[in-house]
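Just the one chain here, the form predicted on its own, laid out as structure tokens.
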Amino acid sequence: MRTFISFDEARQIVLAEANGLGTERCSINDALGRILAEDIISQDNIPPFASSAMDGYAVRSEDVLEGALLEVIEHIPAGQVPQRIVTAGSCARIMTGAPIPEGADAIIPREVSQEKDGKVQFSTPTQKGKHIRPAAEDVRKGDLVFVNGQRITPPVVGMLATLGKDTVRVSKRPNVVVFSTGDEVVSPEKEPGPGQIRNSNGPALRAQVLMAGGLCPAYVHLPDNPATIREAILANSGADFMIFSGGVSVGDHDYVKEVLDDLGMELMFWKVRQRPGKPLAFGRLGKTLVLGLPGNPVSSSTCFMMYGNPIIEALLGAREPDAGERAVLLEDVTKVSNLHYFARGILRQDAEGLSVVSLTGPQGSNLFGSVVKANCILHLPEGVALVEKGTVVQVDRLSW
């Protein structure tokens, strides 16, 4: 077991241990947020035919001369195949999305047209291809549209439907159990007694699991009792991933790590050179990955972003996490030199379009409001005690 390792080392270890859980087919109606487990290659041209981008008239551009009258030979609504060929001196009334009739090479909008007694005159000239949507303008038959490991977003669902894919192969979602711990913690609906606090870690971590794509029907709260903790772990031994908030530090009542050790967990590391969340534990109990987070709500939530989220992404079969973004720090930040800091920040663009970032305010690990206000996490690396204003720093956007 390794201890007091760097953030980079810890991330490498968790990502190396988190592997995909297999695949299954899924209706596109239930696919939102899932991870594709296959490449998607188009079997069709999209759009499949040239169509009108406007309500108007399909014409031969060379016929649209000043004062010219064209005969309207057909009306083509969307969804109807043209029946006539547009020849010299003729045109077809056409609706948006309707196929272009043979012989026509441009569309003139209705707004610049005047039709009377089956003849139409135009107030402006046109040019070949105007207001025509070409066939295969979006996707060509044989194109690689989506790749294995890509997350399915609402536009992806729409494109899959366009491609005729009513089901897709996706990675299986991990079953995740969230355990909050502590005798001082009461349910959110209860009035805390002296020395007690409401449970925020359980609901917040479960919400983060769900947002990351994991399955988590409910969180479980455990008292500081080794026998109860042991029983709950054994009852959930089939989970793919267990997350604990609290109980992994060195306090007199931190029993989680002790119980996991007794059950034979392979502890891969404990404690990371970081703030918040130095007393972090990671290991494997049988086939189940185990992440032990600090009990402090800010530390718990932040460390889930840095470790829990990437673990679930990896279990889902997602591609490697990106390296984040870079932004210019707008203020001096002092820190402990030998720790990697995760600071809650607000990322924006300045008047010149430059990415800049500032802190949400005081960064105390008891101030959960700093997480609520944040739209990113700043990485302030170990090795420096003062990160000066104007320094370019790495930032990770928060998924919400």
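For every residue, the number given is its place in the sequence shown, counted from 1. Treat the numbers as computed from the prediction; the structure is a model and nothing was measured.
Heads up, the form predicted together with ligand AMP isn't pictured, but that's what we're talking about next.
Residue contact check: residue 294 to ligand AMP in the predicted complex, 4.5 Å heavy atom
Result yes; residue 294 sits at the interface with ligand AMP in the predicted complex.
Whether residue 105 contacts ligand AMP in the predicted complex should be assessed with a 4.5 Å heavy atom distance threshold; does it?
Output for residue 105 is no: heavy atoms all beyond 4.5 Å of ligand AMP.
Should residue 202 be counted as a contact of ligand AMP in the predicted complex, where contact means heavy atoms within 4.5 Å?
Flag for residue 202 set to yes.
Is residue 198 one of the residues lying within 4.5 Å of ligand AMP in the predicted complex, judged by heavy atom distances?
Residue 198: yes, in contact with ligand AMP in the predicted complex.
Per-stretch contact check against ligand AMP in the predicted complex, the hit in 306 to 314, 123 to 131, 92 to 100, 180 to 188 (non-hydrogen atom, 4.5 angstroms):
It is the stretch 180 to 188.
Tell me, out of 74, 115, 240, 254, which residue has a non-hydrogen atom within 4.5 angstroms of ligand AMP in the predicted complex.
Contact check passes for 254.
One residue of 276, 283, 214, 246 in contact with ligand AMP, assessed in the predicted complex (non-hydrogen atom, 4.5 angstroms)
Among 276, 283, 214, 246, a heavy atom within 4.5 Å of ligand AMP in the predicted complex occurs only for 246.
For the stretch 351 to 385, I need every residue with any heavy atom inside 4.5 Å of ligand AMP in the predicted complex, listed N to C.
Nothing in this stretch is in contact.
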